[in-house]
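For this one, two forms of the same chain are given in structure tokens, first as structure 1 and then as structure 2.
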Structure 1
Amino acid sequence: MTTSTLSVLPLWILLLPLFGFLFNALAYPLAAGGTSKTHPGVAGSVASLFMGASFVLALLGYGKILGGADALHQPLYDWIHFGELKFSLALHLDPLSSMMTLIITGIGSLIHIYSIAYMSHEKGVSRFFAYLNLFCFAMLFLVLSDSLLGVFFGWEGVGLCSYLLISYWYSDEANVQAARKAFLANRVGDLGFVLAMALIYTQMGTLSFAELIAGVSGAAVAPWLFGAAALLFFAATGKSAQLPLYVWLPDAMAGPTPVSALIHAATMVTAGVYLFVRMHVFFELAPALMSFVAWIGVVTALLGGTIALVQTDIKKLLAYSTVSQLGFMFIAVGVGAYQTAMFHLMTHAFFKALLFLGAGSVIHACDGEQDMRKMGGLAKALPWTHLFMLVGSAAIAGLPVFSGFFSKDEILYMTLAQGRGNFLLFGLACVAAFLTALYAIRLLTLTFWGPSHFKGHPHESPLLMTGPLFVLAVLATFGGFLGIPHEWAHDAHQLSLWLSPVVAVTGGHEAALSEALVSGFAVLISVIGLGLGYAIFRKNPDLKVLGLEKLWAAKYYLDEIYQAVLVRPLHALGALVERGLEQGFMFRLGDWMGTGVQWSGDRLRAIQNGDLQAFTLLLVTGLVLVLGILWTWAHI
């Protein structure tokens, strides 16, 4: 077990966003006399300040670990210590969580700065920044805690913040429904998480990662391990929007764009991947499940990609692209390339945040318009945004030099190199990559190139928005160099060096094709995709692919299926139980007993008819009966 030095650093990284939340939620509104009087500038800058400070501390932590400390540990307190249940919370900053904290606080600060401008015309914005800070606190808690229980605290915390932020404009019923859908989908997943924890605790008696991994590493493959792993995967599909439970992510676009950028692109949705990578030793013991995970990943990637192709709303397109890219990450996890998954997670965070913020600035420019068909020809009006979107699209499509090229190709390579990978998986992944290129170019052609359908006169976003875009663009372009494949240069893959103490590279065997060949093939696919896409979408936005587009537009009818299979029967059952059992039987149970007793009372009343002779008759019969019994008794 790596030696960990006690340090208060992780605690401060965690608490700063919390102080930001307290300031914006309580201190500032109370001082200003109600949230409506809070000024976005003040709230925004204070929030960004706290995020920036937390980012600096994260850098410090990174430096410390780089400087030789294996991990920074900070025990918090015994949460519950009762009978056989012992749970305690502690923070643990190791290379993996340090990387995640850097992403969260780094991109988080950029998005905070961006939001100051983006939300400037809203009133009562301190509530928005309070929720954003609370979200970062919860996400940091998720990545920093050293036990499954701590992760679960963060897990549900981020679910809560995503609910609050999606329904930020709660006066509009649609946002509220979308938020509820997101929260419930997450809750379904979280039930899996709780049951997994219960199962693991029943078997292992602990939830802390260190003890779990130590206890499990030697053990043989036990059936309960498969159960626990399956439940955790079910939870991950809920949080990271994979096949069964991904339906909430597209609707989550109802929230403000910075929210989509931070939560539904960069950080929260990656929690599932992080969980798998954090407990990869545990999951390795359930190989059958891992190949299933890979397959779920590739199917989701294809599904996301196809639906994105027919989306008209710019944010929905990016949302489905996120679903697809997450699918890629799960392919990497499924085949066992955990470091590659983390690498793609990082690069995806950069370019997807960039794309979302770019889309945000487009929407901001077209004062709220989100339908791409109504845009077009904005390149001239928004030069900087156009440039940054170009960089983002290039990165997502995987053109050489850009970060997407390195991480996605490594995944494609790993589908062959890793034990559980196979050609079919590789082939489908390539198709997904092709789709990625297609929808990337669709976005560009529809919004920036081609005839301009936009009535108003768009104006370039202020520096506060373009600044963060610039930083993200730089990261998106040069982020890839952190993970240059091994063959190309001696210990070039900085990231795997960085992660190796925590995430061991599982046994890869010699792939049929070399990595260079695979990446060349991948570049070929994306170039063809971009060209083809440009050719198609230049003429008309609606894609005609032998009738499939209707299926895709209807999102494979998944929403309707869930409605029919889950929601409506639930309400029907409830109504049935209410009418049938509750009103029909339970409530009237009391009345039935009452009337039953009343009825027998009336019957008995008949013998009390007030006639003297009847009374004496009763008396005499009583007497005769007793004497009869006595007589028979005496003579038997």
Structure 2
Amino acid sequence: MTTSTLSVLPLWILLLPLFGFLFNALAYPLAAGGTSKTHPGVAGSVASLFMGASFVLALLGYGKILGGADALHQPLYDWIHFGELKFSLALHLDPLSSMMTLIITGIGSLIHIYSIAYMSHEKGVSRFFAYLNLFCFAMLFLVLSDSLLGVFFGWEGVGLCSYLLISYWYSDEANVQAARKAFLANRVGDLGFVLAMALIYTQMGTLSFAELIAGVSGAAVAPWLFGAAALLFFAATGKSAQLPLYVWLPDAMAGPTPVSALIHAATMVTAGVYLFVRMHVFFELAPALMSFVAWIGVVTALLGGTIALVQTDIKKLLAYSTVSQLGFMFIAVGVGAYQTAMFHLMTHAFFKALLFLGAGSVIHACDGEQDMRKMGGLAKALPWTHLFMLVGSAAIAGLPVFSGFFSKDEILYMTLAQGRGNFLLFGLACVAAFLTALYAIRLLTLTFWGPSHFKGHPHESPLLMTGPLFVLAVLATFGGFLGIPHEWAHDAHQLSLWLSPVVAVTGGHEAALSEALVSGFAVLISVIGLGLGYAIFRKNPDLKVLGLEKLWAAKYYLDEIYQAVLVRPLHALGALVERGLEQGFMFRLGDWMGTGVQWSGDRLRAIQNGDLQAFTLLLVTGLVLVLGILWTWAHI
């Protein structure tokens, strides 16, 4: 942590989306006579205005830090102060949190504007914009908080908002089931967060990032440190969709497309990566765990990439692509390339938001159709959307100039340059990069270039949708120039310089291959993948690879395994508890108590016969019994 300057700027960055939520959740519906009577133009414009204002303040905060100011700090209040138990909440805007606030508010503003047109046909859309604003508030609270406790509040807040937004169309049972699955999968991971906080506090007496990092810097590895780091990693697998808790993310595509772009591409799913980077000094004390994190990342990247190859739903393909790209970020944090992880987090936010919103434009043009096999030939009808999707696909595939070329290739290089990396990890990551190019070209071929199967009359989206796509396309094209490799130009990696006060480079050594050679090899992999994919998919949308496509289409049967091993046994246990404990005991407890009272009353009534001597005997006996209990209690 850097030294701090008191400022109210972080508080206003945080509060403005909350004001938007209050307007669309309370003020506007009351003024309009009900949520169903709210107009999408009004609700969306106000929500976008508050998000845009928050983005302007985030830019102002970035400028203050860039100008040489210390990190901006805003104490909120002392929440608990009881003896030695102290919990305070405060906001802290430093280079790392400034980067995250710019991503959240900037891309959030574009998605809000896009949503005005995308949701224009919906009734009661103020509820949707209220949820979007509330989500952004919770996400900002997560990245601006100066302690694990504050992060946890934001962590839970985005989980709740995710549930609300995924189930926005709650009349559809599939949406409700997807929202419930996302909520429960995240709660499983969040248990690790709670246990980690309890363990850390009992050992260090604080949850403040500054105090935690200062307290463990230079410390020897201790078992409790490994345990706390492992619990936080487990929490991150839920929020950032890593094996084994990634299964909620693809189903979350049931929500409106802007939700997929905001929550499941640019912000919420990166919370686990942010947590790793924020506490990287802490995690470095558990090197064995971090090696495991890198391997979980590469397995997740391969798993997501192979499943994406056989998806027919355009949003599901992008969802598994997100799982795969998050795997790349975990490879980076696992080997200790924390700045590289943040670099890919940023570029991924640009090109994946572009791809999701572009998919929304395609779905809008095709009257709600999401099956790519029923599209094809849309390039002429949707020229702007086609261009933007080309840019997004080039970026995710890692073609030169585009943002993904710089960040993904840097991850590949770091698997060799960092101490915990090795050639096997590098090789598997290259396979995952090859899969990325394959599913990117499959999306383009089936949607825009292949034979036309759509029976309707597709039309280009309005300016409110294509405008944000243009901005994201520019970012996806040129955003990577913030991370020009050091090997190419000294001190040209601007993002590395920006993050260096908070996130130092750790564990590097001389790599066996130069970064230029790795980049060239990565580009060759992408070009081969794109060319091979086009040759395969232009005539046949289905990929056949030694029968593996059936395994991939079944998503490795992980959902079925979880159902058999976890869900059904828990349901059976719940049913047993309901029959045995609730129906067999709790429901009858009242009857038993009534019967017992009636029985004892009948027996006691028999001794109330008016005999004064018997009454006195009972009184003295009761008094002796009470005195005996008190005496015994006093001498225990």
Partner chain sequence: METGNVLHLLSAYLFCLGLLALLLRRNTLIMLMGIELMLNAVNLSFVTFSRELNQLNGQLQVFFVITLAAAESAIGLSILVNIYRNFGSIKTDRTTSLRG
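Here, rigid core means the biggest group of C-alpha atoms that superpose within 1.5 Å across both forms. Only a predicted model underlies this, so the values are computations on that prediction, with no experimental measurement involved. Residue 1 is the first residue of structure 1, and the numbers go on in sequence order from there.
Remark: structure 1 matches the stated condition (the form predicted in complex with the partner chain). In this overlay on the rigid core, residue 84 has a C-alpha that sits 2 Å or more away from its partner position between the two structures. Relative to the superposed core, residue 12 shifts its CA atom by less than 2 Å between the two structures.
Aligning the rigid core leaves the CA of residue 585 displaced by 6.6 Å between the two structures.
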